[in-house]
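Just the one chain here, laid out as structure tokens, in the form predicted on its own.
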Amino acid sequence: MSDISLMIHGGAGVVREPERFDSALRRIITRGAELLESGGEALDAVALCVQLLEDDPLFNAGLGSVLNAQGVAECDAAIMDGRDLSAGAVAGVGCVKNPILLARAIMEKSDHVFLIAPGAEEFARAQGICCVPARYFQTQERLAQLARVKEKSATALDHDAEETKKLGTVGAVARDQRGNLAAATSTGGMTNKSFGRVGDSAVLGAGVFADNASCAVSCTGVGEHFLRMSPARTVAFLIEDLAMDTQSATQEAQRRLEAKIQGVGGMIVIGKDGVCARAKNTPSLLSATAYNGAITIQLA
């Protein structure tokens, strides 16, 4: 795996029993790395990894999505191709099994970049993308979580002892053997969020960005903070325009987020040179990296 780079994340915050995420992260990063090592494209790798994260109820995306104030899931996702800056994004969908597949279909099979709610769901059905009933997302864990949060009249961001500081997003960034970059992000948002709320995950430059001239980025955190600061695009600017190295640019974007608006969360980044970096200001950022022939799992 010396000529490929891949990172995935499963959210940031105060993570209870982080060891329970180890095997899932390891399984998913291995699948993605195998695809890249066999000559697969970065775009296919990030789509695969995020789809697998969406299918695992441990993570706040797809099947594991948290529920809004009405007790239903509203999912957001985006994907971006660093080769030509093509992208697809979707927000507020409640019947799509894998929102990342819908985001990719929007990118590849429509004249648009961003579709929302019923219009996005109609497009999903037209493209033959798997749709499921609302109860698919209403797992016992998420229903119980919603009930607890409603008791406190709070809004929860899913990984924390009090369920108020788990910044539940999933994402992947990759660089393939040809040097092409791609990024993808997906989320169920916040427990007990207002109907129609959209965070940063589906917003290009805020929660996701990829450009072969700079880097690929996937963010996780308080969406309202990331929307205001566009940290994913900031990392790319620092690398391309200011010639900063990947690690320094990642840390600087994180520093600006915190310094200007006390933004909370983190990000994973792969530079155009394949160097992997991550930054956070939360106790944990669940992530896995395949780089230089080794797989590394980080639960803190």
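The numbering used is simple: start at 1 and walk along the sequence shown. Here the structure is a predicted model, which means the values were calculated and not measured.
In what follows, reference is made to the form predicted together with a further copy of the same chain, a form of this protein that is not presented.
With a 4.5 Å cutoff on heavy atoms, Ala174 does not count as touching a further copy of the same chain in the predicted complex; it lies far away.
Looking at Met190, you'd find a heavy atom of it within 4.5 angstroms of a further copy of the same chain in the predicted complex. Taking the partner from elsewhere, Leu227 is found to have a heavy atom lying within 4.5 Å of a further copy of the same chain in the predicted complex. Taking the partner from the other structure, a further copy of the same chain in the predicted complex has no heavy atom within 4.5 Å of any heavy atom of Tyr136. Listed residues Val170, Met80, Ala103, Val217 were compared with a further copy of the same chain in the predicted complex; Met80 is the one with a heavy atom within 4.5 Å. Checking Ile129, Cys95, Leu146, Val203 for any heavy atom within 4.5 Å of a further copy of the same chain in the predicted complex turns up a single hit: Val203. Taking the partner from elsewhere, no residue among Phe21, Lys272 and Ser287 has a non-hydrogen atom within 4.5 angstroms of a further copy of the same chain in the predicted complex. Judged by heavy atoms within 4.5 Å of a further copy of the same chain in the predicted complex, the contact stretch among the candidates 95-103, 179-187, 136-144, 110-118 is 110-118.
Using a 4.5 Å cut-off on any heavy atom, the residues of 227-259 that reach a further copy of the same chain in the predicted complex are, in sequence order, Leu227, Arg228, Met229, Ser230, Arg233, Thr234, Phe237, Glu240, Asp241, Leu242, Arg256.
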